[in-house]
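Just so you know, structure 1 and structure 2 below are the same protein chain in two forms, each on its own as structure tokens.
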Structure 1
């Protein structure tokens, strides 16, 4: 059968891109945590084209865990992880690589193949797996961005669906495995008090910021092929918007959530060049792998509309960037002002209406901004925020959660074919039809145009204070 049945447990994890950056930054630390938690006890086969041996892979795993956690707090767990590792070296374009992988799998018959590799290689690897029958009783986990544009996404879906059943395809967006992002779904539908105001009648605008205070950290070549729009907006930020705006799932189960989210992507109005501000931080062109005259954006801000009954005319302002003032992720829902000005301070333009703020990272927090009267004769007030920290010390790494789910065959936190295609349809036009990048200084909030022309009267941007 081309694809393991839902709910069956995989008996091996194969991961392509074992010598890469993602493996070092996120995958090995997550595998270590999975071994500690007891959710990983099956062989893990790293595949790469690096002329490595299994010893090199073990060394990399140890270094990665150490770098992520500042040391090894459970040497026995690390040793268990190292003993589970196997390694296959080879060019993904060569059929022999997949033959060797088949041999390395030995007795394992239900592998999960995780493609932590650049999107241009997804199709080659999937076809390689199929050519030696490694799609049978198997799952495939595919990293984002899923394609480069609508056409390549559709082609990729075609190639993957030719090799695996849809229920065996896990399209990963690691933001969906973050506690604070899962909490958006929970918060909205486990509380009833916000639902009556969660629409165009009460909400003026919504801002989503995902900022990083560092540059591309040696990933210049990747960034040249992606840019901030493909790297973060089209997937991570759109997923956040979908969770914020979806209708209530009609039954308990991930299928209902997927369907409700998919409807949001389909209702998003395709972006045009006037809805988009592109920036590039000064210094980006000096990075290794970056073209001398690169016009790739390291900052992207868009103004998005969702043409649905609930959200018509409510602007969503999304922005992301490298080398910005802080590292933080935050959503701010701005509510409308009261319909009548009963107090002298009501129309002061510097005053915010009510707002609900979800700090997604670095620390989870929910803030509800309300106005309260200042003591004194006058009926004037100020904004106070009710704050609720949501961070928990038990939080799992997003990849720990998602890889555990994939090995178990639980696809609740993964994205589906129709959603990824609908999301690409929204950005497809502006991938090519856009203005040149505007340069900005590292440590700022990006180009002025994002604050001026784009957000206009709905501004200012509410910068996360961390």
Structure 2
């Protein structure tokens, strides 16, 4: 059977790219936490083309955990992790690498293969696994991006589905493993008080901001191949929109959630160049690996519509960027003004309507903005916000949660083929049909055009504060 059955527990974790940056920064620290929590007790086989030994892999794991947490707080747990580690060295293009992997698996019969490697290698590795039968009773976890456009996404899906059943394919987006992103889904459907007003009749617009106050941090070559639209908007921000706008799942289960999200992506109106503002911070072209006259965007803002009964004509304003004023992620749901002007300040353009704010990072918070009367005889007021912190010291890291779910066969927090392709259809046209980048100064909120031409009368942008 090309793929382990849903709900069965894998008896081994294989991860390709064991010597890479992602493994060092995120994977080894997450494996350490999984061992501490008792959710990882199966062999972990690292695969890389680095002329390493298993001792080199164990040294890297120890260094990665120490760097991530500033030390080792549970030496026994780390030793248990190190004892689980195995290593296979080899070129992914060579059949012998997969033969060695098959031997290293030994009696393991239900492996989960995690591809922490560049997307260009996904097809090569999947075909190598299939060639030696390591796709049977197995799962495969692939990192974003899932292609560069609709055509490459469809080709990638074709290659993977040729080796694994869809239920055994886990397309990982670490953003979906964040506690505050999961809370969007819970908040929507655990609190019925908002459902009557969660539609086009009461909501005027929704803003989603994902900002970073730093540049590309030496990853210029990668960013030249991606850009902000591919790197953040088409996946992270679209996923947030889907959780905000999906209809209630028809039953409790990951299949129902995936189907509801997929319907949102299918209802998104394809973006055109007038819906899109591209920016590039001054200094980006000086980064190593960046072309002298690069037109790659480090800032992207789009105006999106969802053509459904619930959301018709409600604009969604999404923006992301490097070298902006702060590092923060936030959703602001702006409600319409009251239909009748009963008070002197009701039509003051500087007075905001009611709004619901979800702070996603760096800390978690939900805020409800309401207007209250100022003391005195006149009926004038000001905005006050009721705030609820949602962050918890018990929060699990995204990769810890997602890798645990993959080993268990729970795909609730992963993306499926139809959703991925539907999301690419929304942006496919503006990947090539767009204006040139507009330059902006680091430490600002990006090009003025995003605040003027794009958002217009539904502005201003609600800038997160830290």
Ligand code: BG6
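Positions refer to the first chain, counted from 1. Note that the rigid core is defined as the largest set of C-alphas that superpose within 1.5 Å between two forms. Small disclaimer: the values here were computed from a predicted structure and weren't measured.
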Tell me which of the two structures is the form predicted together with this ligand, please.
1
Aligning on the core only, does the CA of residue 218 end up 2 angstroms or more away between structures 1 and 2?
yes
Answer yes if the Cα of residue 424 shifts by 2 angstroms or more between structures 1 and 2 on a rigid-core superposition, and no otherwise.
no
After the core is overlaid between structures 1 and 2, has the C-alpha of residue 441 moved by 2 angstroms or more?
yes
